[in-house]
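In structure tokens, one chain follows: the form predicted alone.
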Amino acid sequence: MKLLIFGSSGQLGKSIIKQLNQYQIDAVCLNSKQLNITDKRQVANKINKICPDLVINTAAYTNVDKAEEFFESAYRVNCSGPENIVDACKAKLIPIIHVSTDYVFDGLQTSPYKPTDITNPISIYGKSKLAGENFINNYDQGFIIRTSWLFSEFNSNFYKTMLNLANHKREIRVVNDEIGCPTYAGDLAEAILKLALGIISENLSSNIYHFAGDKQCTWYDFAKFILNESYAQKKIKTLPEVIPVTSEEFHNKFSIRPKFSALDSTKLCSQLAINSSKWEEAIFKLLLV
């Protein structure tokens, strides 16, 4: 099997690449400098040249705050990009796995969102991601995996930010009124590759799935866990005080985020016989490196 992976320089792209050898999968991995998914001709030429068995799109405009101001850029990457990929794959019936987000929901629910729940994004970021989903969902060979609160050993993310702040600050302010499921990018990468194998070998019907952490928490809870374990394993010299704040206090005036965006991963985990992301175990493992 040959994969074509867009967004290879992101933390999820790097996590997928890290596991390719384990699954004995060949892949062409392209970052945004090597291929701009908003360029329709570039995308079509590359897919026609490589002729992959399956395309994985992890490329996205993910800056939630900046998306409110630079909405055209967010829509180009998150909406036009997936549209270009679908258009190029249709002629050869190449399956696509597209990664989306918990921010397609409004956060008004009190139980974890299932793939079948009604979407109602409240931010430009969420709206642009849902617009991209629509192109994937209307393609017979399109598969969507929504995830949330990604962290890993790669690039910038909440886990690494907390460790960096702990070395420079005595107090860290963290939002305590947004609830979600932290997800280790390595676990998501494994789920994506197993789904890819299933699509190729079993000819699965296109669908929408969720894959996220096994336990829901607030950003404050997540920060406390990271810092307490980091201090216990002597990865940081001092334990800063973590101060809970509201999202209104913390985010800029343009930022709108769902207050509750926990995802129910049951459907995908049952189909692939895997577990949802055990994010606490992932933190332990990352701190041992």
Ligand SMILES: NC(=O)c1ccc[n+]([C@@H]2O[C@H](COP(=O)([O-])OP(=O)(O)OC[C@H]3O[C@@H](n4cnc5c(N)ncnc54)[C@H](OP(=O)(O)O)[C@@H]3O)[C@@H](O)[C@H]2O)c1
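The numbering used is simple: start at 1 and walk along the sequence shown. It should be emphasised that the depicted structure is a prediction, and the values quoted were computed from it without experimental measurement.
If you look for the form predicted in complex with the named molecule, you will not find it shown, but the lines that follow are about it.
*Asks:* Though the named molecule is not shown, can you say which of 262, 37, 223, 56 has a heavy atom within 4.5 Å of it in the predicted complex?
*Replies:* That would be 37.
*Asks:* Within 4.5 Å, heavy atoms only, which of 144, 150, 191, 124 is in contact with the named molecule in the predicted complex?
*Replies:* Contact check passes for 150.
*Asks:* Counting only non-hydrogen atoms, choose the one of 239-247, 44-52, 224-232, 29-37 that falls within 4.5 Å of the named molecule in the predicted complex.
*Replies:* Correct option: 29-37.
*Asks:* Residue 9 versus the named molecule, in the predicted complex: is there a non-hydrogen atom within 4.5 Å?
*Replies:* Judged by the heavy-atom cut-off of 4.5 Å, residue 9 is in contact with the named molecule in the predicted complex.
*Asks:* Mark residue 102 yes when one of its heavy atoms lies within 4.5 Å of a heavy atom of the named molecule in the predicted complex, and no otherwise.
*Replies:* Close contact exists here: in the predicted complex, residue 102 approaches the named molecule to within 4.5 Å, heavy atoms only.
*Asks:* Taking the named molecule as it sits in the predicted complex, is residue 207 near enough to touch it, meaning that at least one heavy atom pair lies within 4.5 angstroms?
*Replies:* It does not: once the named molecule is placed as it appears in the predicted complex, residue 207 has no heavy atom within 4.5 Å of it.
*Asks:* Check residue 60 for me: does it contact the named molecule in the predicted complex (non-hydrogen atoms, 4.5 angstroms)?
*Replies:* So residue 60 counts as contacting the named molecule.
*Asks:* With the partner left out here, which residues of 72-87 have a non-hydrogen atom within 4.5 Å of the named molecule in the predicted complex?
*Replies:* Result: 77 alone.
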